[in-house]
Structures are given as C-alpha cells and as structure tokens.
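Take a look at this single chain in structure tokens; it is the form predicted on its own.
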C-alpha cells in the first residue's frame, strides 16, 4: 500500500508560507519592469464639495519627464468605475464630492516625477456646502436610498406590554483596511487595442467589466490577472477599479506599459473604510431578562457614492439579532450620503456593526435585572419554538448554546468573573472586566446571483494537475484549501497539484472573493471539474480492465480496477494515449438560498457559522489606558479542511476586530480632510497588543449542510468575536460606578473615550 496521502482535515502549510517568510513571494510591484514602463500618479481634489471651475494643467504637461496627462475628456468610453450604480467617476468633471477625489492622471518616466508634476496643477474651485457627518446628512435628508425596514410581528405592542423596557444608543467608528500592499495596477497593451492588467483585486471579473466600460471595448478585450494580494479585507473588492482603469487607459493610449502604485497616505485618503454607525435601540423584557421585543435604528455614513453600501447596510440589519431570538422586532436602516470618501466592504460587511447594538442591549438588560450578562445571553438564544429571524429564515443549525456552555466551562468564566468582582472592590485606580459574547454569522452573498463559481482543471499526462478557479488569494489560504480538495479527490499527493494565478481569460464571470465564501464556492467548482475527469478515467479503466465502473476505486496514488491495481500516473498515461480528455471545467451554485429585498424576507444564508469568545481586560482609571489580559475562543468551522490555516484566520480576525473597537480611530477635520492617514496617526494593533494568554480551540462538529467536506467559512465570523473585548471594557467602566448604572462606552474605546465614559458612569451612579 502507498504512503498515507490524506490531504484534507489536516494541518497543511499555506502554499506561499516559505516565500512569505523569506520575502521571495512576488507581488505586483516585485514583477520585472518591462522596457518602456511608465508610472502614473493621480491629481486629487483638495475640497470636500465644490464646483470645478477650471483645471489648468499647462505646467503639469510641461514638467520634464511627463509623457501625457489624462482628464475626463480623454476617456473613450464611460467615465464611471462604480460597481453598480454609475456614480463613481474615474475623473471628476464639473463637481468634486470628497477630498482626495481623482481629477487627472499624470503619466511620467518615474513615479516621483509624476507626483511632482501633479502638484503643479492650478485648480479653481467654488466651494459648496459639505455634509461630513451622519448628523449633517440626516438634517439635509441626504441618502443613497430611502430608509429600509425589516419587521417580525408587532414590535410596538410587544414593547408596550413588556414588564420592563430600556433605551440606549451607541456610536461605532469606521476602520481603515490597512492592507500591507496598497492599491496597485500594472497595465500592458496588447494587439488590437486589448490590454492585460495585473491588479491587486479581490474581484478580477468586475475589474475586467469596468475597465472595458471605460475603454469603450467589449469585455474580451481586457484580461485581468492576480496571483496574490498583500491583504484585502474587502478594501480591494470594488475600489481597485479606479487605479486599474486609469492604468489601462494610459497603456492603451500610449502603447506602453503603465503602473500605478499608490503610497500609504494617498491610499488612505482616496479609498473607502468600514462604515461608521450610530445605533439606537429599545428593548422590552421580563424580570428574567428575556426579550419580548426589540427595535433598532441603524444610521450609517456611506460617503459620497453608493459603492456596496446598500448590501452592507442590509447585512447590518440581518445581524442585528446576532444569536438571539428578539421576539417581535423592527430594524430600521438609514443610509446617509456625505461628502467623504465612499465607504466600502470590510471584513464582516456590516455584520459587526449590526451585532454591536444587541450586545450592548444584553449588557444593559443584565445590569437592569441584576444578572450575569452571560445568563441573560443564554436565556435569549435561538431555540425550539424561538427560531425565526426578523428576515424570515428559520435557524436550523443552532449550536450556540452548546458551544457557549463549553467555552464558559473550559475558560473557567464564572470563577474568573467572581474573582474580578472581588478584585475591583479592593482596587481604586485599576478596574477589570470580563465578558463572553457569541457570534452567529450568515454565510452566502446576500445578492443571490453572486453565489456561483467556476474552475478549470487540467490533468497532465504525467499525473500532475493544474487548477485555475475564480477565487483570489489574499493570504487567507484559499489556494491551499482548493489544492487540498483536488488532491484528495484524485487521491494523489498535494505536491502534484498547482494552483495558477486567477485570470479572467481562464475562468469567466466570477464573483468577488468575499462574503467568506471563497472556499465554499471555488473548492466545490474545482471538485465538480475533478469529478468529471474521474468519471472519464473510471470508464476508461473499466473498459481496459474488464470490470464494472463501480469497481474502479481511486485510493492512495493507485487505481484498483477489478483485480488490477496500477499507479494513478500509469492510468493517466494510458488514458492520454487512448485519447481520453483529461481537462474539464467545473461549476457550483449555492443551493436553497432566496431573498426578496422588497419585503426583506427569505433565506439569504445557506448556513450559519458560530463562535464565542471570553475576553478579560484591565483599564487605568487615571489615564484611560487599557490592555487585554486574556482571551479564550471556541469557534465553529465545521469539519475543518485545514485546522492550521483556520486557526490563523480566527486569531487574525479577532485581533483585527479588537483594533477596530479599541485603537483604530478615523478623524476628519472640519474641511473634510482625513487627518489619520498614516501609521503615525492611525493605530492598528501590533504583535505586542496580542494578549500573552491567548487560548484558541475549534468546535468539533460537521456542517449541518453538505458543504465541501462539511467545512464552514472562516474569513469573516471571527472578527466579531472581538466584541467581547469591547463588552469587557464597558464592564470595567461600569465597575467605576459600582455597577449601579450601565456603562455607555462608544467605539473605538480609546483612552479618551474610556475616561469620558468613566466620568459619565460615576456621575450617573452618584445621582442614582
């Protein structure tokens, strides 16, 4: 018998791990520069909202080393790089709508020359009123679409009849993606006016469509390729189109390759963030803290255009329940249009913001009824007879109660909470907090048509395999997991499988690698292609060795065909000479899902991913400084395809969520300029912010639905585990008022906000 060739459900290194460590993994800016390469730099608006009266580029064009300057007048097709709504011009024309908006493109011999030349532009503006905040947009009635409402039952009657009621509000800040590789595109002209583009993008097909639209060409004139990204997190789902289209426009016009690489400051100024939210809630409950009804009012700053804000805000509504049966519910969502950069997708896609309101409400209910917040959370979980979500989907795969109970026991939550309460009583200046919060995150694109994927698999005559699929690799290990699935299906060594760069001329019409669905979709598509090839090989083996097709078995690098056992590579070689096709496309579409947006009812999610985290924190009441002392996580990934990669995703997602809720603060000034546009002023978590005591386990259980090897998505759900950190900080603040009144900490919980929350809780406690 051959060696054990198991490739799924085992720890396997990321396919580029050694290259990442050695610094040898090539990204777009590492590719050899072709002869004649030019560099692009975009001139940007310095006004948040203004008429563009004149744009004098005479000095820009005359600057030594400048090849050409492009404006909106030079676009042969349509001046639009928006994903859906036609409201994101490549270059501004008559009006500017945010600071950093692109006005023109300078193409020069070097990037430094292009940037220096761009600074010579003379722009005349006529300032217009600028709406920079949710409050300003609300007052002006500025929205990207009318408010949306999701309902379950009669919430007003439920609230009126509830024995207890409370109201509250919460401000949740945005977040910059801060991927290590900033936006970049390298466009090279091809014959007949075609163009090839290397783009750091999560969505190659959309880049293809948008570039073609700008050029006034069909999609088949544009090929987009991406081998790897240095991070994406949603920030490269739509907004990379701006840079790819500009590079392509210049490359086709000049007949020379053009690269646009955006530095960190420009990247942060020009591209969108996680949506900041203002959340108001009203809940009715009984003396045990069990909900009778809940109403949420969600207001988000979408920025200057729609981008993906419609879907992002919809997902915030979907996740306003998190793991809890709300009883009667009403969720109202306001999508405000402002003169700031258009906010966009970010890991969780609105789900994290949606969960924040109900988790704060759980803490306040617990304070009101004098219970441990964990007991209130457990009492409100979905369960038998309490399993209908506000959007009409029945929760069929609920494991939240068992998972939370297991985590509470293995983390010793209750004993630690009691010890912290005692510690706080005897410590005046330092206060501690602990919180256990769960996650229920829906998996699927909520736009049903996006839940599809394709793949192309070549089995070569020597037994090696090449796979191309529509997903993109941004460090999350998608290519590794797809290769594992393919190797397992063929029953060959993982080393025999190579995943090639994602490219639109091999697998067309793909969806973005987003919504945590990369493996669910693309691994299934690849498996479909492999199954077709195996079917051909099985028939060939049955004919050759005179047995029934059902008696042909692929296992451990060999093929058993009746009484014969031959190496897999030998069967492949013979099949080639017998003119058996060894290549196939594959396709997959997610079953069961449907959704009517007009009524906000349906089944938008194929299944849910669950998890829970316990976080313990300490705050300094004199300075507001804080630290996370310990974290315990139990997370559900179904039957993991690759536990090592999944654990990395869970830890990384948690730390990124922790940064969103603690240190990452975005600040715009009164003129609409982003003031936190570099690592000197915008603070992402570092290795030192990771708690030394970090305990992570995977839930042992298969997916309820027949996904790829019964695994579950892992990209986005772990980020929301970090809500436990925010809740624990709020508990520590509440301890400053001896738990007489609830804490009302806003996010991010910077030292300044913690100090203000402490002052507020002490004032209210004294008055109670």
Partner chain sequence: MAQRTTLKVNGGTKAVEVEAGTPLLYALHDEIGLNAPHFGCGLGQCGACTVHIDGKPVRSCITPTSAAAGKEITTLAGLGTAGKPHPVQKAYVDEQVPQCGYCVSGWIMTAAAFLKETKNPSDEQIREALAGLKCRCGTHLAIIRAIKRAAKDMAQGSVA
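Positions refer to the first chain, counted from 1. If you're wondering where the values come from, they're calculated on a predicted model, not measured in any experiment.
The form predicted together with the partner chain exists for this protein as well; it is not shown, and the discussion that follows is about that form.
- Contact annotation: residue 485 falls outside 4.5 Å of the partner chain in the predicted complex, judged by heavy atom distances.
- Using a 4.5 Å cutoff between non-hydrogen atoms, residue 615 does not count as a contact of the partner chain in the predicted complex.
- In the predicted complex, no heavy atom of residue 460 sits within 4.5 Å of the partner chain.
- Within this chain, residue 11 lines the site of the partner chain in the predicted complex, having a heavy atom no more than 4.5 Å away.
- Checking 77, 392, 648, 624 for any heavy atom within 4.5 Å of the partner chain in the predicted complex turns up a single hit: 648.
- Taking 690, 603, 600, 493 one by one, only a single residue has any non-hydrogen atom within 4.5 Å of the partner chain in the predicted complex, and it is 690.
- Residues with any non-hydrogen atom within 4.5 angstroms of the partner chain in the predicted complex fall in just one of 99 to 107, 229 to 237, 445 to 453, 165 to 173: 229 to 237.
- Contacts to the partner chain in the predicted complex (heavy atom within 4.5 Å) from stretch 679 to 714: 679, 680, 682, 684, 685, 686, 687, 688, 690, 691, 692, 694.
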